[in-house]
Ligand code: ADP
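The form predicted on its own is given below as one chain in structure tokens.
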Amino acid sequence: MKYRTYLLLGAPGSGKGTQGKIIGAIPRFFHLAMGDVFRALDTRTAIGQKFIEYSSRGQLVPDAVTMELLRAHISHLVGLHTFKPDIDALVLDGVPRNVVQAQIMSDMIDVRKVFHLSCPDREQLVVRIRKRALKENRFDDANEETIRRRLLTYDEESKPLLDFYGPSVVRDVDAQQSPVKVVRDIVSELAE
């Protein structure tokens, strides 16, 4: 069974987490943020150490490790009846991160729409990420060099997903507008 899925795609700081939480609060939508899954890892475990090793350098965790963790996590949520795939739509934030992951996940997810949270002003993203680092005590967002490397990694690794999914599925959303306007734009597409 493939999970009915909506993807939130955008550079770090574009508001994917904010929008995912809002949409996940709507009945029959289940938000899963891959970054939260990684940050919840026990850092004493081997996979937790791998996450720290990569994220502290602003690098992505290898695809195989990410996909293994994602499948196990979703299976756990289904087992707990927290995520009910027969009635809930999955809203993914931060995964897939590249075309290889999207190809690996193609047997697991049925992507209905990709919401591209577009924010061409990179300086605005840097400011947002710094604020988030302070507010949420996220060590992976604190260093400006790491932030800029993550933005470059997004452009090189994740942005090609827009072409992979194509214009029939991708919806551009202006992430520079207020969060309530962003959610309005997304929800209006979900209601179709």
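Keep in mind it's a predicted model, so treat the numbers as computed, not measured. All residue numbers refer to positions in the sequence shown, first residue = 1.
The same protein also exists as the form predicted together with the named molecule; that form is not shown, yet it is the one meant from here on.
Per the 4.5 Å heavy atom criterion, the named molecule in the model of the complex is contacted by stretch 35 to 43, the sole one of 163 to 171, 119 to 127, 22 to 30, 35 to 43. Interface residue remark: residue 131 is not counted as part of the site for the named molecule in the model of the complex, having no heavy atom within 4.5 Å. Contact check for residue 97: a heavy atom falls within 4.5 Å of the named molecule in the model of the complex. Contact annotation: residue 143 falls outside 4.5 Å of the named molecule in the model of the complex, judged by heavy atom distances. At a distance threshold of 4.5 angstroms between non-hydrogen atoms, residue 59 is in contact with the named molecule in the model of the complex. Taking the named molecule as positioned in the model of the complex, none of the residues of 168 to 183 brings a heavy atom within 4.5 Å of it.
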